[in-house]
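Here's a solo chain for you in structure tokens, the form predicted alone.
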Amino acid sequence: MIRVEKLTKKFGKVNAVAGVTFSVKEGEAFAFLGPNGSGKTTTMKTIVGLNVPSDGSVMVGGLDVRRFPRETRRLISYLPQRVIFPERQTAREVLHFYAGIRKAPRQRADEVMEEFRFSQIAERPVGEFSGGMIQRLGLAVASLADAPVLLLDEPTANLDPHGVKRFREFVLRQKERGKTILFSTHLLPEAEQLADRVGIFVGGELVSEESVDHLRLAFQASRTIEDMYLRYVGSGENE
């Protein structure tokens, strides 16, 4: 469903992403795991078409993102790392607005409002929401369209433990529905619980692709997750 070949993205003289290659099968959950600034967000933005590759190619559903931007965007629901909504709009207004953009029926917005427990606060302005509530609203917006691919960039940022639990339940429901899910995180337990495979990002490079079981063993052999990242870099190859 997603195929990235030798992707490079430069900002001036800085290589934000260098020669990244990976693929995600239909119905698979794939996690980007790595420290902040390792290239996860840049790669995601390039997949969704917000960045133009400096080199390499990105395919979604068999279509080249650069040649068929509108068609590939219809296949994707995207949650950015930083979610911003107009502060004077209510949760209901936000969901109805984005339902219109994604050509989802108005009834779908009401269903999502109930699913993400916004019904009782539907008329409150977004400006009164906490960071976690805004993140949860972003997840609700991302689930409006029945797109086959979900791209979620640091989706549990700002969520409290209850919100994280509900997010994990949400991802598992999407997996049961056969969605292809690509999400980024720097939290190992999140990758372990939700992903089928994990891509390790360090310094703008995808240094390894691992099964969740192999990732768990690699972490057990390291004292901290930072040690694990260094171990991958030091090995110079997939372990």
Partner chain sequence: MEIRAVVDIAFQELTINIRNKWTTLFAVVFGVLIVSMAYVGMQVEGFGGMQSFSRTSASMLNLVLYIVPLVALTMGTLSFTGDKGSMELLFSQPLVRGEVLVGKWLGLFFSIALSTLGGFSIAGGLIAATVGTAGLVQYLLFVILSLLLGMVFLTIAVLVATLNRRQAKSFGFALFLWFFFVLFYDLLALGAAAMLRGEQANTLLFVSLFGNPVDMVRIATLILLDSTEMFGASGAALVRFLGGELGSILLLVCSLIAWIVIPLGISIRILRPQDI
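Remember, it's a predicted structure, so these values are computed and weren't measured experimentally. Numbering follows the first chain given and starts at 1.
One more form of this protein should be noted, the form predicted together with its partner chain, which is absent from this view; the next part is about it.
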ask   = Looking in the predicted bound form, any heavy atom of V83 within 4.5 Å of its partner chain?
value = yes
message = Since only the chain is shown here, I'm wondering whether Q89 would be in contact with its partner chain in the predicted bound form (any heavy atom pair within 4.5 Å).
response = yes
task = Verify the contact flag for R117: yes if a non-hydrogen atom of it lies within 4.5 Å of a non-hydrogen atom of its partner chain in the predicted bound form, no if not.
result = no
key: Residue contact check: V202 to its partner chain in the predicted bound form, 4.5 Å heavy atom   = no
note = Students should find that, of P35, G56, G49, G27, the residue having a non-hydrogen atom no more than 4.5 angstroms from its partner chain in the predicted bound form is G49
remark   = Within 4.5 Å of its partner chain in the predicted bound form, heavy atom basis, the matching stretch of 203 to 211, 181 to 189, 65 to 73, 167 to 175 is 65 to 73
task = Heavy atoms within 4.5 Å of its partner chain in the predicted bound form is the criterion; list the residues of 1 to 16 that meet it.
result = K9, F11
